[in-house]
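Only one chain is included here, represented as C-alpha cells and corresponding to the form predicted alone.
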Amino acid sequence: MSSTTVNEAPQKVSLSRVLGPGHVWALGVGIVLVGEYTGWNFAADKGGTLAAMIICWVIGLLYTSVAMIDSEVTSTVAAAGGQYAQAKHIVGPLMAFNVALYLVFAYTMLEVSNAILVADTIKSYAGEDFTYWYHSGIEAAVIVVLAALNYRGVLMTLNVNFVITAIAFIAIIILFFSVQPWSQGAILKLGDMVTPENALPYGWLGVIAGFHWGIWYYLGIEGTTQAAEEVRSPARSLPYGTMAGMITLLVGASITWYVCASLMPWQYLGSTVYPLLDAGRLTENKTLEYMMFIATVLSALASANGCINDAARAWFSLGRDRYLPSWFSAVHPKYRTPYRSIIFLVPIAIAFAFISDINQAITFSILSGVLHYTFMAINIMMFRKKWPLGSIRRGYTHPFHPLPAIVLFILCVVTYFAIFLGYGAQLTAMVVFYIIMSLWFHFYRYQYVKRGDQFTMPWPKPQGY
C-alpha cells in the first residue's frame, strides 16, 4: 500500500445540496397544512366564529413577519439548524442551545399530534372495534415509517411531501368550489351561522383568548429554514419557497374558515376535531366526504414527515457543534442524512404519542413555537445592528425593517397572555424546564464545546466590537 493511500485523510461526509424552491414549499406548507384540517377551529370555542376569522388574519400577519425575517437571516446564515445557527452567530451559545430545544420540541410534539390525528381519524370511521392497541399501533407505524423515509434521503422525503401536500391543498380548493361559494343559501349559510348576536359571544377578550389556537393556522412554516444547508441556492430557494408557502396558507386558511363557518354553528365548530371532514359530511356528498377523509390523513402525514426532517436537523446541529454528544452529528455515507438524530428521536415521539392527548401535544408545540418566535424578533434587531446593510453579503433583504420585528414581538406577547388564560400551569412548567436545561448547558455541557469551531460565517467583527 502506498504512503499516499496510508496518509490520505478520510473524506468528510456532508449533507447533500439537492433541493429547490418547490421542496422548500413542500416542507413549509406540508408541516402547516394540517392546521387547516384541525386545530384552528378551537379558536371559535374561545371567541366565536368571527373571532376565528379575525385571528386568521392577525396571526397571518405574525407569520408573515416570521417568514420575512427568516428569509433574510437564513439566506445569509445558510446552515442546518436554521434559527439555531442564526442564534449561535448573532446572539450567543446559550440562546442557540435554547432555540434548538424550542425547535426540537415544537416539531416533535407537532409530529406526535399528527400521529394521534391519523389514528383518531381512522378510528372515527372504524367504530367500536377500534381498540387502544389498534390506535397505538397506527401512531407508532406513522412515526416509524416516516422516520424510515427520512432516513433514506431528504430529496425522496420532500418529493413525497410535495405530492401529498398538493393533494391535501387541492382537496380544500375542490371542496370550496363544490359548495357553490358564489351562491349563499344554496349550500352555505354564513348569515345564519354568524349573526350580530353570536359573532363575538365573549367580546374582544374571546378574540385574544383564541390567539392560542390561531397559531395552529400556520405553525411550522418557519421550518423551511431547516433545509438551508440542503438547498442548491439558499438566496433564491429559501425566500421564494417560504413566501410562496405563506401565500398558499393564507389562501387555504381563508377558504377553510369561509366554508366551515358557513356550514357549522360556532359551538360545534369550536369543539370538533375534524372541521374540514365534517364540512365534507355536511354537504351530504359521499364523494366529498371520503375525499376530505383521505385529505385529512394525508395532511397529517405530510406534517409529521416534515417535522421529522426538521427536528432531526436541529438535533444534528447541536451534536455537530458539541452542544450535545458529537455522536448525533453523524451523516449517513450513502443517504447523506443525519440518521442517528432521526433514529434517536423516534422512541421519544412514540412515547409522547402513547401518553399525550392531541390538545396537550398541540399546546406543547405551540408554546415552544411562540418562545422561538419571540427570539426571532430580537434576533433580527441584533443582526441589523451588528451587521448593517452593506457590511456583509445578504442573500435576501426583507423590507420595512424594523416593523415586522415589532409586530412579531407584540403579537407574541399577546399570545403568551392567551396561552396563560387556558394553560397557565403548562406554560409555567415549560418555562421552568427550559431554565433547568439552560443551567445544565451553562454549568456542564458547554465545557465540551470547541468554541472556535462553532462560528462558521466569514463575517467581519460586529459594529461596536
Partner chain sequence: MAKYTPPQQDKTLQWVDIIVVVLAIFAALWLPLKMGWAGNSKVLEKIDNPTWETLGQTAAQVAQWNKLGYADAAAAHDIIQNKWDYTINWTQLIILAVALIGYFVFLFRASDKEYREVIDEKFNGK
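Numbering follows the first chain given and starts at 1. Just so it is clear, the structure is predicted and the values come from calculations on it, not from any experiment.
The same protein also exists as the form predicted together with the partner chain; that form is not shown, yet it is the one meant from here on.
Trainee: Out of M291, I167, M193, A244, which one falls within 4.5 Å of the partner chain in the predicted bound form, going by heavy atoms?
Mentor: Only one option qualifies, and that one is M193.
Trainee: Answer with one of F162, F344, Y240, F176: the residue that has a non-hydrogen atom within 4.5 Å of the partner chain in the predicted bound form.
Mentor: Looking at the other structure, the residue within range turns out to be F344.
Trainee: Please determine whether G60 contacts the partner chain in the predicted bound form, using a 4.5 Å cut-off between heavy atoms.
Mentor: No, G60 sits far enough from the partner chain in the predicted bound form that none of its heavy atoms falls within 4.5 Å.
Trainee: Considering only heavy atoms, tell me if H398 and the partner chain come within 4.5 Å of each other in the predicted bound form.
Mentor: Result no; H398 lies far from the partner chain in the predicted bound form.
Trainee: Can you check whether M437 is within 4.5 Å of the partner chain in the predicted bound form, heavy atom basis?
Mentor: Residue-level check for M437: yes, a contact with the partner chain.
Trainee: Contact with the partner chain in the predicted bound form for K386, defined as at least one heavy atom pair within 4.5 Å: yes or no?
Mentor: Answer yes; at least one heavy atom of K386 falls within 4.5 Å of the partner chain in the predicted bound form.
Trainee: Choose from 168-176, 248-256, 299-307, 364-372 the stretch whose residues reach within 4.5 Å of the partner chain in the predicted bound form, heavy atoms counted.
Mentor: Contact-bearing stretch, as computed: 364-372.
Trainee: Quick one: which residues from 265-282 get a non-hydrogen atom within 4.5 Å of the partner chain in the predicted bound form?
Mentor: Result: P265, Q267, Y268, S271, D278, L282.
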